[in-house]
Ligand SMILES: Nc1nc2c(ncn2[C@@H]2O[C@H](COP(=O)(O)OP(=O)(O)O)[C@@H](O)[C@H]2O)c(=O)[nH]1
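In structure tokens, the next block holds one chain alone, the form predicted alone.
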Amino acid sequence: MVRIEEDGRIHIKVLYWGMAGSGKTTIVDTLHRLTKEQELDMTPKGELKKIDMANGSTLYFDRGIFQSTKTPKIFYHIYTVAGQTQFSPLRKTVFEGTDGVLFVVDSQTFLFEDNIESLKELKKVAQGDLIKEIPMVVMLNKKDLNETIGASEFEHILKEEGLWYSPPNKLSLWNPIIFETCALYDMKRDIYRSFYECARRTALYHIYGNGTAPIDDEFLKKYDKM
């Protein structure tokens, strides 16, 4: 949940969710390096914090803080969840208070069903709040590899799972944008764009929707000019 301090600082929680090995930690590593080395609308505050297992997999979560350079009083607290099956209770705990979600897909074709199971778990934990109260962005990661699924295929899954709205439903404005990404720094693709879009949406939900998807006519007129 968005937290506002007495001095006007705004704290927003953004969560990277996805199956084990989908690339969440690598994505956050690349995002941190990008925003540290380049002049962008976000800048990292301090170093990333990680709790890893011996094999390098995320044990509990990764965490980083990013500050808006355009609106310096806005801070984005970034988390990842451990994807292994045995950490399901921990994922629920880390999810609490989430304002925006980046769903990370391991886009290799043979892992299609595993990604769907991860999405179903996210839906269950979110208890109907995705899109309506928690903006969602999808990252089809590992697009540097062969035999991967495409955006249209995953859009079909979102529709089956009730996470895609068709006009005239006004929530269709907030359908998840699907980015085809690569997390490896030397081959990076849409890592910053996907994060920025999720951050932008969480801010719009807070400013114009009081924590829900803004769909009133007055906002829709403004949105066309944003």
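These numbers come from a predicted model, not from an experiment. In case it trips you up, residue 1 is the first one in the sequence shown, and so on.
Keep in mind the form predicted in complex with the ligand is missing from the figure; the text below concerns it.
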item	value
Interface membership of G21, the ligand in the model of the complex, 4.5 Å heavy atom rule	yes
D144, heavy atom within 4.5 angstroms of the ligand in the model of the complex	yes
In the model of the complex, L184 touching the ligand (heavy atom, 4.5 Å)	yes
Non-hydrogen atom contact T25 with the ligand in the model of the complex at 4.5 angstroms	yes
Answer range among 144-152, 68-76, 118-126, 88-96 for contact with the ligand, defined in the model of the complex as heavy atoms within 4.5 Å	144-152
